[in-house]
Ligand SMILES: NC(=O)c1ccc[n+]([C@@H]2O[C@H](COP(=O)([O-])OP(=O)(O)OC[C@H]3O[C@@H](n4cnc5c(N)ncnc54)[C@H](OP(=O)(O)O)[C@@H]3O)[C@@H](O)[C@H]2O)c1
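The chain below stands alone, shown as structure tokens; this is the form predicted alone.
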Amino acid sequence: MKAFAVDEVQNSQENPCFRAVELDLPHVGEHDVLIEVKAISVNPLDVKRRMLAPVLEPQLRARVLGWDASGLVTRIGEKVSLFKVGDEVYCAGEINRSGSYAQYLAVDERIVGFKPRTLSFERSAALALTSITAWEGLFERLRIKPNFESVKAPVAHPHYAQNRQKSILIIGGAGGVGSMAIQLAHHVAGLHVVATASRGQSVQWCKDLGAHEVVDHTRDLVEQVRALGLKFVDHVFILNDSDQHFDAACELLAPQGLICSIVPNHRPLNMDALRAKSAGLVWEAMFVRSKERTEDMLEQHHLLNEVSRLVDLGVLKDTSTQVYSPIDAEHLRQAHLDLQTHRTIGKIVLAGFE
């Protein structure tokens, strides 16, 4: 199969570089589906992993990155029960396996979902990683209860309780995860959403997705949120620069509230600010289930199927903003350069192999 690997000689921070390689088809384990990749999307994680030194086993000839993908199931493992050959699917892959910058991708069926029927492969490819991260961050880590009463069809999990009108501050609203988190927080959880963005285009993007207010994360967040009439917010979701925003998040967080972050800190965080409020900090890392083979891996399959249902109902919309075609070394290079500007909105997609 054709794949695009990191060019370990030419690659640098300033110069993303990939090369075309021919590889054997991935091994299909007993719980795996083999997906013929139709489209992929790139994530900041791809950029970070590109810059790591190669750590693959010596017998592997190429480091193939990428996790988001959509495509067709072409082969199934002997214990697969959720899919059949020909199914249209999407997934966020597995961090410890060869990635989606390739014509075929093998993935455990328990972290794969049926793609939205109303979206193309290109649009679907933008959804998986960011949807999983946003959903788990909001509904599992922050323990927010989805309020499906506003959704247009019978609910998959009717035991969820209705929220009173609570609020959330989403720091980094215009990125991939933020774009999904705004929609889920507003349209599925019924929260009052305050998002952050710093440019006119990104501010409008957040509002179009459902943010009630948008504040500028390059300025004093506490002052801006308080000016909205909010002394505290019930939840904080940090998607960008924990070091810069943690103190403001603690000051704005309601007593007994929770902060969730998906980005690491590089200096000690002030835990005393949380202790004084009987508040907490939780982390979201969406690859934990597949990497650690947790007993609840199947939850990601259900999660992705629920996202597809909500997309098909028109409750959620895809967040792709740029599509490059075909999938090749030059378009991968351009996508990585785009992400490295830290000014992208939504998701970048690549579609089709020549």
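One-based numbering along the sequence shown. For clarity, every value in this text was computed on a predicted model and none was experimentally measured.
The discussion below concerns the form predicted in complex with the named molecule, not included here.
Not displayed here, the named molecule is kept clear of residue 79 by more than 4.5 Å at the level of heavy atoms in the predicted bound form.
Using a 4.5 angstroms limit between non-hydrogen atoms, residue 84 is distant from the named molecule in the predicted bound form. Of the heavy atoms in residue 217, some are within 4.5 Å of the named molecule in the predicted bound form. Remark: residue 141 does not count among the residues lining the named molecule in the predicted bound form, judged by a heavy atom distance of 4.5 Å or less.
For the candidate set 71, 146, 175, 93, a heavy atom within 4.5 Å of the named molecule in the predicted bound form is found for exactly one residue, namely 175.
In summary, among the residues 105, 239, 181, 236, the only one with a non-hydrogen atom within 4.5 Å of the named molecule in the predicted bound form is 239.
Of the stretches 225-233, 256-264, 273-281, 71-79, only 256-264 has residues with a heavy atom within 4.5 Å of the named molecule in the predicted bound form.
Annotation: in the predicted bound form, residues 124, 210 and 309 none come within 4.5 Å of the named molecule through any heavy atom. Residues of 185-207 that come within 4.5 Å of the named molecule in the predicted bound form, judged by any heavy atom, are 196, 197, 198, 199, 202 in sequence order.
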